[in-house]
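What follows is a single chain, given as structure tokens, in the form predicted on its own.
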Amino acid sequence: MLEIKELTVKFKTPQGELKACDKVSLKIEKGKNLGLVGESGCGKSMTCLAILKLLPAEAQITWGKILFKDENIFKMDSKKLRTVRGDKISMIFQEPMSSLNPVITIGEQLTEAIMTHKQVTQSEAKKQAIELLKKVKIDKPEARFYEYPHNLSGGMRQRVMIAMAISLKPDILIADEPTTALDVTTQAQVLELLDELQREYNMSVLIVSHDFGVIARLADSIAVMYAGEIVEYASSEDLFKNPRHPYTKALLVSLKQMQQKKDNLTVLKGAVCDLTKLPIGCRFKPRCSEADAECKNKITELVEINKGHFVRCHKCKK
């Protein structure tokens, strides 16, 4: 359905050139869910924004292509791209409060999205909008239609964003941190809703998170991202049973300890490396407990160690 090939996104900063995405390659199959996981600042959101050509003005795509049904999105004119955005590929953004217009009612924002892409009357668009609010399980949808974003809780605003995203029954839904800042109960409800809608519409879903627990709930396959690169890519089952990259292992150890409610969690020391001063060799080596001399000098490539299981680590052999 969608294929990203060696996507490279750069920024020019006062500190130097910054690679937000470095030769990122991913595939999203029809009707399947792909999870993209990693710490904040790894390039996950930039990858999502590049798919719809919504990158900030200072960002530059210097390499790669993104194919939607074998057509390169980067070569589409504005008219063609307009038919793809929202209609074929929709996105749920991180912060629903900043994504929704605070001075326009929920109903107006939903009907505008519908009428932009469909030849329907105002009354028909309103009817569809109320049905969408019902579908995403918002109580009293007829009343909520006339309310403003600040009248709703964080979970309800996120449901409104989901309603807008599915209003045109897209082929692909991009969910960028859909449960950020929500309490645990609301997180579970939103994830369950996304799962139900994905099955009902047979959508392909790209779900992005820094939380492996969220990814585990929905994803059929998982890509782990670190410092702008994909460091491991496999089916969910394979990745959880047999993680190979040291970064993936560290993330999963933390998840397991949280589930067991341990008092002392294993801490991954340090932070993501400065993307304007990338180290030679493996980018994870300053934080890796398994690093050796070869990690410091050898540029690591993403290698298929088993069928469908790719790892960027010279210690992982076929």
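The shown structure was predicted, so the numbers you read here are calculated from the model rather than taken from an experiment. One-based numbering along the sequence shown.
From this point on, the text means the form predicted together with a small molecule, which you will not see here.
Asks: Applying a 4.5 Å heavy atom distance criterion, does residue 56 contact the small molecule in the predicted bound form?
Replies: Result yes; residue 56 sits at the interface with the small molecule in the predicted bound form.
Asks: Even though the small molecule is not shown here, does residue 39 get within 4.5 Å of it in the predicted bound form, heavy atoms only?
Replies: Yes.
Asks: Hey, in the predicted bound form, is residue 46 touching the small molecule, heavy atoms inside 4.5 Å?
Replies: Within the cut-off, so yes.
Asks: Does residue 18 make contact with the small molecule in the predicted bound form, using a 4.5 Å heavy atom cut-off?
Replies: Yes, residue 18 sits close enough to the small molecule in the predicted bound form that at least one of its heavy atoms falls within 4.5 Å.
Asks: Just to be sure I understand the contacts: of 251, 51, 275, 282, which is the one whose heavy atoms reach within 4.5 angstroms of the small molecule in the predicted bound form?
Replies: Here the answer is residue option 275.
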